[in-house]
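Form predicted on its own, single chain, as structure tokens, below.
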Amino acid sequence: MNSPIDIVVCLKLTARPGVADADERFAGVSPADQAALETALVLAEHSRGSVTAAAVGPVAAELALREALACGAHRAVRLDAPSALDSAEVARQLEGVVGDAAIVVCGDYSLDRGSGSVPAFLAHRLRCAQALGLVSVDHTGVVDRMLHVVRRLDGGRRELLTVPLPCVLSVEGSVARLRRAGLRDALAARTTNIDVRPSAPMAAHAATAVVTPYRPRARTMMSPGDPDPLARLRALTDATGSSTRGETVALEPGEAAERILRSLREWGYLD
């Protein structure tokens, strides 16, 4: 008989678009995170496993964790950290909470940035299999430690995958509908202890390279000496001058370099 497996579901509490972050009344998790929680609960039921709900953020993140406890999660862990962390740092913080979990389930997007990159960063740090952007998860395969999933591809296509454990999954909101918590469970979740852990020291990530379109260097041109404004404008724009044609020159390397530098100075690209 297979031993029970540990499952971790990662949740993120965010404010709804257009609502201030400080107003917790309108905060919640995305439909994808709700589907991730339901997927983790069903996987635990089929494998006799346990579900740990994890979140990175301030005290307000405990709202999402208590909802997970009310729905059936066995434990809740909050890493005390600022809410505005990039995806790579969130995955680094979650690495210590996930530990030796057999399955990590995440939503494929959140309600704020919606980049969906945390699961990929987390799978990289854990060095385990990953299946992202799933539209279906077959729960029956968990007893054999093999999950059969369906992944969305571009152009309306689908990809069938067999994912070995341990693994990281990210699911879309259509995968499952979160069960409704009972009144007794919801009341009990209000006073359930949440394991609050200090965040690890922030890592220094390299700045993201900014790619911009090519823009040629500004040319340095002599000031026109003619006092007439129209003549000065014609000289600056060269509107009436004839276009120059290319010239083929055969020179030795040293002479060719000197010719190039001289031409760049004449054209105004070098001082």
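Residue indices: 1-based, along the sequence shown. All values reported here derive from a predicted model rather than from experimental measurement.
One more form of this protein, predicted together with a small molecule, exists but is not displayed; see below.
Among residues of the shown chain, residue 133 is not one whose heavy atoms approach the small molecule to within 4.5 Å in the predicted complex. Using a 4.5 angstroms threshold between heavy atoms, residue 116 counts as touching the small molecule in the predicted complex.
A residue is said to contact a partner when one of its heavy atoms sits within 4.5 Å of a partner heavy atom; residue 192 fails this definition for the small molecule in the predicted complex, lying far away. At the 4.5 Å threshold, heavy atoms of residue 87 reach the small molecule in the predicted complex. Only one of 64, 56, 35, 51 comes within 4.5 Å of the small molecule in the predicted complex through a heavy atom, and that residue is 56.
Of the residues given (94, 178, 167, 147), 94 alone sits with a heavy atom within 4.5 Å of the small molecule in the predicted complex. Residue heavy atoms within 4.5 Å of the small molecule in the predicted complex occur in exactly one stretch of 99 to 107, 158 to 166, 192 to 200, 137 to 145, and that stretch is 99 to 107.
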